[in-house]
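Here we start with a single chain on its own, the form predicted on its own, put down as structure tokens.
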Amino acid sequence: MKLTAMTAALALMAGAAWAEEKTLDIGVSDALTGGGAVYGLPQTNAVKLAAKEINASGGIKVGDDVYMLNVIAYDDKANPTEASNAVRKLIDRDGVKYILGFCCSGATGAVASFIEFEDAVMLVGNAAERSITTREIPNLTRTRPPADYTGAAAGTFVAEKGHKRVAVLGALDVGFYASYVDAFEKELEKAGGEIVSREAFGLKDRDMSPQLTKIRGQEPDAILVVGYVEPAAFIYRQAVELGIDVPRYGFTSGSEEQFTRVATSEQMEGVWDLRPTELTLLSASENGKAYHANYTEEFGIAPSPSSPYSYDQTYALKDAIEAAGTVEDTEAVAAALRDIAVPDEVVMQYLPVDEKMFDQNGQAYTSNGAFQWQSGNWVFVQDLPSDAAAYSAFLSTLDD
């Protein structure tokens, strides 16, 4: 019997009718309030945006079933206890098997300490503490590279600028900021430079004039600022107010809107941010420009540079579930995550290791970049050294 085009179409429609549409709950544990919300809230929004897009394009296809994503988000306040409670609620009460978000390292580390023993997969976003992916946790992956991977590249860049005496002002009691500075210092010293001062601030501090006055007296030829966006913005503003006229470098990942809530664009002029090559509209890919426009339309505010880490997680999860052919077998999905290529939809500029998005540690890598504030915008200036394969091999030797 000859199969006409109409017959084929009817057969296709009949087959589609047999496909059952189901709902897959995915969880988000992130900082929705408090100091960490500058990173956590945009990440949570990014997961919701990706889920909406995936649903609109037909959902996640597993065999004859089609799954529409439903996002359940809880506020972990960037607090280890709150994060543990949020994830326990997602797993035990809501029956969630896939948990995304995780902007802050302390909260993330607390969950990582027990997630291996759960029937769940943990996808970590912005949290940058190295030890998160040195624990050989098979059901955990992370899209952001560790802080020291970027800190070493930043130290090389600052040394190449000719700086020999660098003062550091940062949230140095936070492990990943301290590891960034340690890696930075190692590369700076190779070039004959030194860190002349390490001054600390708390994440809730806003008056940095005592530390800046001390730094001014040491006559550094550059300042390195590491910390959350708001305190960093106060430092940049107050440095200008105190007449400190040396180049300012940072590791913050904040958007233009976030910084100008505290400092004027003129006070920010010339500041460098040395970080993974995250979203900056003026240098974004086509995916990045579309993400920026869609996020802004959906939430009424521009996305933060680091928010795509969780957006990209969501698409990686989709590809892994479809590759594994199951939503129930989390071990199979976790294994598939370590075997997928970089999804076409991602925003960040990933550097695959052995042609895969995640390495054997569950770690993904982006390029590193030097961004400078110019006339009200973060402008991408140049790539920084980024050897993902070499760092991956190094990471595999650690057991923090």
Partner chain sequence: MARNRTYILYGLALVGFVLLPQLISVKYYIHLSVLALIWVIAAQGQNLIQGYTGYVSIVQAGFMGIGAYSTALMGMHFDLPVWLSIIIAPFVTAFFALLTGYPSLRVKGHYFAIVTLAFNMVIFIVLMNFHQLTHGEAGITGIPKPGGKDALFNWRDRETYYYFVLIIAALMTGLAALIVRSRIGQILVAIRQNEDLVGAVGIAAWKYKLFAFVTSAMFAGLAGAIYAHYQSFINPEIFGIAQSLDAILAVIIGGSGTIAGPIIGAFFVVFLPEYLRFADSFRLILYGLVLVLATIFMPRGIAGIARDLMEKRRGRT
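Residue numbers count along the first chain shown, from 1. Take the two forms, find the largest set of C-alpha atoms that superpose within 1.5 Å, and that set is the rigid core. What you see is a predicted model, and the numbers here were worked out from it, not measured in a lab.
There is another form of the same protein, the form predicted in complex with the partner chain; it is not shown, and what comes next is about it.
When the partner chain is considered in the predicted complex, only one residue from D92, E297, D119, E160 comes within 4.5 Å through any heavy atom, namely D92. Proximity to the partner chain in the predicted complex, defined as a heavy atom within 4.5 Å, singles out one entry of S285, S265, S84, T330, which is S84. Considering the partner chain in the predicted complex, the lone stretch of 74-82, 138-146, 320-328, 305-313 in range is 74-82 [heavy atom distance within 4.5 Å].
The candidate spot formed by K186, E269 and Q382 lies out of contact with the partner chain in the predicted complex, as no residue has a heavy atom within 4.5 Å of it. With a 4.5 Å cutoff on heavy atoms, S57 does not count as touching the partner chain in the predicted complex; it lies far away. Using a 4.5 angstroms threshold between heavy atoms, G109 counts as touching the partner chain in the predicted complex. When the partner chain is considered in the predicted complex, G175 lines it closely, a heavy atom lying within 4.5 Å. Contact between S375 and the partner chain in the predicted complex is not found at the 4.5 Å heavy atom cutoff. Put the two forms on the same core and the Cα of Y228 is off by 2 Å or more between this form and the one not shown. With a cut-off of 2 Å and the rigid core superposed, G170 has a Cα displacement that reaches or exceeds the cut-off between this form and the one not shown.
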